[in-house]
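We begin with a single chain expressed as structure tokens, specifically the form predicted on its own.
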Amino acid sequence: MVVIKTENLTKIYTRFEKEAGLKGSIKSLFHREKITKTALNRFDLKIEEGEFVGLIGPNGAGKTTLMKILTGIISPTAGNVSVLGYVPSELKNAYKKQFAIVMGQKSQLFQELSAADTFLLLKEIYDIPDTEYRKSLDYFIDLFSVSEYLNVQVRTLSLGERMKMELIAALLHNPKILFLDEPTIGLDAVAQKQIRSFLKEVNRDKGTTILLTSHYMDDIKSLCKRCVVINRGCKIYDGSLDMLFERYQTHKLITVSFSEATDYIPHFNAVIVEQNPFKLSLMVHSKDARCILTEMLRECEISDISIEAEDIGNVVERIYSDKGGILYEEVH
């Protein structure tokens, strides 16, 4: 069942510009320079129930604007949008009880209260029955292992601890759809891994449909089978994450340690990343990797070999800079 659907979704922002200083302020009373920016341009999207979809794109691509439209925070300029059969901008209570949104840079918890107090407040706001509330809270406390942090002020929590509480607050009423906007921003590697593990379990156990935006490609790769790439308000890819990387992760890093000093130089096209008499690191095209390895094994005494996929950051940069329009679109 399709739970999120947009057709020709367009959002245009209008801004006004004025010169700095008193002169500019007076001048703007009579004439203001109007600037328009298209944040989303005829954007089509379909998401099925239970999917975990990653939304990626550079800063200013339109990801957060899409999230805000889907949650009813802002209205589109044109086009149609339906989430769970509702028009989000109408902000019907029945709809608001069926989704949740977590933004890594904004908190819904009260800083001076304990997380437990906020949870009780949310229980009343969402009219959660006592037994259902207790069951959900116990499930998430066990899942996140946060029982020791429930009754302390939120402002005393670390960023990782607070983010766990933010997720519990969002999931207490068992929403059908969870919108996540940069949920792991600023977290250390351990906390990021924990959050990913929790989200996987929620998606699997609860069947929650999740739409995730993140600049950390490790988030997308570990959580999402499908991803949508958006750039300058346009969808340039919608399909399998594996197929996206198959097209753009075109190089491999080969690092070789030699048993004795050598000045070996490959006869194939390769970029030398690091070289000394006992070690050589090469960035090679994936199709040339086997030939280069065969050549080195034949000509050199090798003590160790490692082959790594190209850095994710390089791949993402290549995706964003693609000039070919829509790269590939899978039918859903």
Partner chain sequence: MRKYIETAKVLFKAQLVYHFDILLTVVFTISKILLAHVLWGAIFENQDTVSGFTYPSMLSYYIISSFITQLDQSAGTGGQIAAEIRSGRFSKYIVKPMSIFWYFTAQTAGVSAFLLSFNLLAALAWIFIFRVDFTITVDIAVILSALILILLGLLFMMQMNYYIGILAFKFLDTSVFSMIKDNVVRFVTGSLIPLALLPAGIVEIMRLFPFYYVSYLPSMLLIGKNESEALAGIIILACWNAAFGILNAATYKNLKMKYDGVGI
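A quick note: this is a predicted structure, and the numbers were derived from the prediction, not measured. Positions refer to the first chain, counted from 1.
Just so you know, the form predicted in complex with its partner chain exists too; it's not on screen, but the next bit is about it.
A.B. asks: Would you check, heavy atoms only and a 4.5 Å threshold, whether Met217 touches its partner chain in the model of the complex?
C.D. replies: Residue-level check for Met217: no, no contact with its partner chain.
A.B. asks: Classify Asp181 as contacting or not contacting its partner chain in the model of the complex by the rule of any non-hydrogen atom within 4.5 angstroms, answering yes or no.
C.D. replies: Close contact exists here: in the model of the complex, Asp181 approaches its partner chain to within 4.5 Å, heavy atoms only.
A.B. asks: So in the model of the complex, does Asp117 come within 4.5 Å of its partner chain, heavy atom to heavy atom?
C.D. replies: Result yes; Asp117 sits at the interface with its partner chain in the model of the complex.
A.B. asks: May I ask you to state whether Asn41 is within 4.5 Å of its partner chain in the model of the complex, using heavy atom distances?
C.D. replies: Outside the cut-off, so no.
A.B. asks: Heavy atom within 4.5 Å of its partner chain in the model of the complex: which of Ile185, Val87, Ile73, Val152?
C.D. replies: Flagged contact: Ile73.
A.B. asks: So which of Thr250, Asn80, Gln108, Ser197 gets a non-hydrogen atom within 4.5 Å of its partner chain in the model of the complex?
C.D. replies: Checking each option against its partner chain in the model of the complex, the one that comes within 4.5 Å is Gln108.
A.B. asks: Using heavy atoms and a 4.5 Å cut-off, decide whether Lys235, Ala289 and Tyr320 all contact its partner chain in the model of the complex.
C.D. replies: Zero of three within 4.5 Å in the model of the complex.
A.B. asks: Looking at 241-249, 205-213, 254-262, 99-107, which one sits within 4.5 Å of its partner chain in the model of the complex if you count heavy atoms only?
C.D. replies: The contacting stretch is 99-107.
A.B. asks: Going through 1-15 from first to last, which residues have a non-hydrogen atom within 4.5 Å of its partner chain in the model of the complex?
C.D. replies: If the 4.5 Å heavy-atom criterion is applied to its partner chain in the model of the complex, 1-15 yields Tyr13, Arg15.
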